[in-house]
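A single chain, nothing else alongside it, follows as structure tokens in the form predicted alone.
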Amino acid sequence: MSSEVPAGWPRISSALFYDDAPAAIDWLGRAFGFVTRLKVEGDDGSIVHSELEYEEGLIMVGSTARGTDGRKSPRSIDGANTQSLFIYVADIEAHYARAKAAGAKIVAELETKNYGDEHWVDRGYAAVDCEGHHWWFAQRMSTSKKQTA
């Protein structure tokens, strides 16, 4: 058994399920800057499989109707949340403006958080996407000398 990661894949990725996955894929690109590298559609227009990249990160997006494994969109369960995603971006101010302009629901405004001299300083925000998944975006502002040693 190989422990190697296939080329073009991070060691870990997440799959998100949407009631309207084709619309969600478009929205995630427009609001958060994801680029679709693969989209496999079923005969009924649902998404069988998709892969969306954000720089070296990768998520998969699928239709809730395709699975037999209890797939749910947060929208269909009164906004209940089973996970949140965290992404470092290069320009948090521009990313925030883009997401807000695209209609992302901002649930934590831009804020700079200092985790102390032993750790780091991040600036970030949190948003909820078009069906209720929670996302955190941040930009590393500084790292302690201890962290970089």
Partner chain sequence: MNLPDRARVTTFVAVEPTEAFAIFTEEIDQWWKRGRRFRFGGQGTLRFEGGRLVETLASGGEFEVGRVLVWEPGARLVFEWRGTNFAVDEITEVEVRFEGMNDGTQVMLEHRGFSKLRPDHPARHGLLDQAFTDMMGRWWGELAMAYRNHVANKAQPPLA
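Positions refer to the first chain, counted from 1. Since we're looking at a predicted model, the values are computed, not measured.
Here the subject shifts to the form predicted together with its partner chain, a form of this protein not shown in this document.
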Heavy atom within 4.5 Å of its partner chain in the predicted complex, from candidates 60, 85, 48, 107, belongs to 48
Under a 4.5 angstroms heavy atom criterion, identify the one residue in 69, 56, 44, 118 near its partner chain in the predicted complex.
44
For the chain seen here without its partner, which of 32-40, 76-84, 119-127, 99-107 has a heavy atom within 4.5 Å of its partner chain in the predicted complex?
32-40
